[in-house]
Ligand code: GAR
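Shown below, as structure tokens, is a lone chain in the form predicted on its own; questions about how it binds or moves come after it.
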Amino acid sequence: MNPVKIAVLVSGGGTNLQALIDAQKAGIIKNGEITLVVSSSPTAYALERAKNAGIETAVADKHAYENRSDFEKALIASLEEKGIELIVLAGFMYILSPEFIAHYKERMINVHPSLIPSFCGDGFYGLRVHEAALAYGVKVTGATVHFVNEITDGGKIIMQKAVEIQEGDTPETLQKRVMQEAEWIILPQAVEKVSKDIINGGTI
């Protein structure tokens, strides 16, 4: 059985993409293969990471289209051209429409830097998530990998991993530790799990 063809959608530095590339090389991801990296920005360093790993890249710049519908149609066309079966959102700074999400129902996953349902939903991204966790005074945070649905961070949870908050943590130090101790671990594991489920008949 051929591995599931995976597209990773990015917008920035691509640290989560690098974790996936490393996991694929290490054999953690066996049932899937990253065959395409799509960036919403032509200057994203994630594109360099993909090229260095020999992975095909594409740029889907929303500013090049008159409206969201045209942008998403072009994005779907590029994904379908490559036979993509699973989409991983890895710092993709663009809210996809319900129509796009329905097109890839339970075939699109996202990593969020908190233990959903805490500190998630509209407006919770990047450092804002960690600022909110510290402001609230929680003692444990973490990361969640979930399916994408029409509710921001509202899809079915696939995996979670906790990270303890330490004395003196800043949003920046907490962000780094959540990535290292949770995101970079469970995102590849979740990609492997979902890829295996797709191969076994799509029963996720």
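What you see is a predicted model, and the numbers here were worked out from it, not measured in a lab. Start at 1 with the first residue shown and count on from there.
From this point on, the text means the form predicted together with this ligand, which you will not see here.
- Mapping the unseen interface onto this chain, Met93 counts among the residues with a heavy atom inside 4.5 Å of this ligand in the predicted complex.
- In the predicted complex, this ligand sits within 4.5 Å of a heavy atom belonging to Phe124.
- Proximity of Gly14 to this ligand in the predicted complex falls within the 4.5 Å heavy atom cutoff.
- Taking the partner from the other structure, this ligand in the predicted complex has a heavy atom within 4.5 Å of a heavy atom of Met179.
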